[in-house]
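A lone chain, given as structure tokens: the form predicted on its own.
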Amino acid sequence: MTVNTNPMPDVQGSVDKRRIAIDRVGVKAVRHPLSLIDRSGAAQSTVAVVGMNVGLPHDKKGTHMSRFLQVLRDEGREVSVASIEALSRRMVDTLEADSGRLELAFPFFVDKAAPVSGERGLIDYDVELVAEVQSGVATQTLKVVVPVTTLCPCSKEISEYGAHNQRGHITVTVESAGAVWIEEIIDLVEDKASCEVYGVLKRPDEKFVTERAYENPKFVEDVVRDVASALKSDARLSRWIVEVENFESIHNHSAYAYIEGSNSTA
């Protein structure tokens, strides 16, 4: 077979005459092995679903899709909350773009000890890291979904014995100028629930979490306000969102609350 040594045309780099810029163009749903560096400096192996895109000027026909995967490949597997900004900047530089967005969604595992027996078990948290670059300015967003237990204050107050409780999800999204560790968000959220959840519980542990929730009843409104109050006191955060969804045990629907805020002093 004869090999063509003539330069191949760069169709993506040709001029587009429609004069319509594209806000985001790139790749999504890329599965990539990830060795995430956690707060302690240890590496945790997981798999991320990655999205990478950049802005495309009105006069460019297309972007170079293969370059996104090359940037990801060259980064290797070790990524941390602190390194995602640098990765997003390399992506923008490589694609010769003015703006870009990098998204990584993955399960994050914490080895938790049960409160009484000390038995250890893994708890998984859904995490999304997003880094955006716009005209040289980078912002970073961290989203963490934390499972918790809540117990209804009304049920406790009106019942002669017992109270209904349920598992819920508290989702916190924070935008910051610097790194905020995943574990920091988990610790903050679990402290505001009726009780946190565990992977492994023996009978003394089950007694503890049952009584802990009963002594700490909270409406969905209580939880969302308590988490919001804690986020408001963190000067590192520029913007934040708190969502609380309780999967009700006595209803065929969820209870839901949402607060968003800003810590800007401007």
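Residue positions are given as counts along the sequence shown, with the first one as 1. Computed from a prediction, not measured in an experiment: that's the story for all the values here.
Missing here is the form predicted together with another copy of the chain; even so, the following discussion is about that form.
* **Partner proximity in the predicted complex: Ser238 to another copy of the chain, non-hydrogen atom cutoff 4.5 Å** => The answer is no: Ser238 has no heavy atom within 4.5 Å of another copy of the chain.
* **Contact test in the predicted complex: Val144 vs another copy of the chain, heavy atoms, 4.5 Å** => Heavy-atom contact with another copy of the chain at 4.5 Å: absent for Val144.
* With the partner left out of view, is Val137 within 4.5 angstroms of another copy of the chain in the predicted complex by any non-hydrogen atom? -> Val137: no, not in contact with another copy of the chain in the predicted complex.
* Asked: Would Ala42 count as touching another copy of the chain in the predicted complex under a 4.5 Å heavy atom rule?
  -> No, Ala42 stays farther than 4.5 Å from another copy of the chain in the predicted complex.
* Of Asp124, Asp191, Glu96, Glu78, which residue is found within 4.5 angstroms of another copy of the chain in the predicted complex when only non-hydrogen atoms are counted? -> None of the others qualify; the residue that does is Asp124.
* **Residues in 36 to 54 with any heavy atom within 4.5 Å of another copy of the chain in the predicted complex** => Going through 36 to 54 in order - heavy atoms within 4.5 Å of another copy of the chain in the predicted complex - the hits are Ser45, Thr46, Val47, Asn53.
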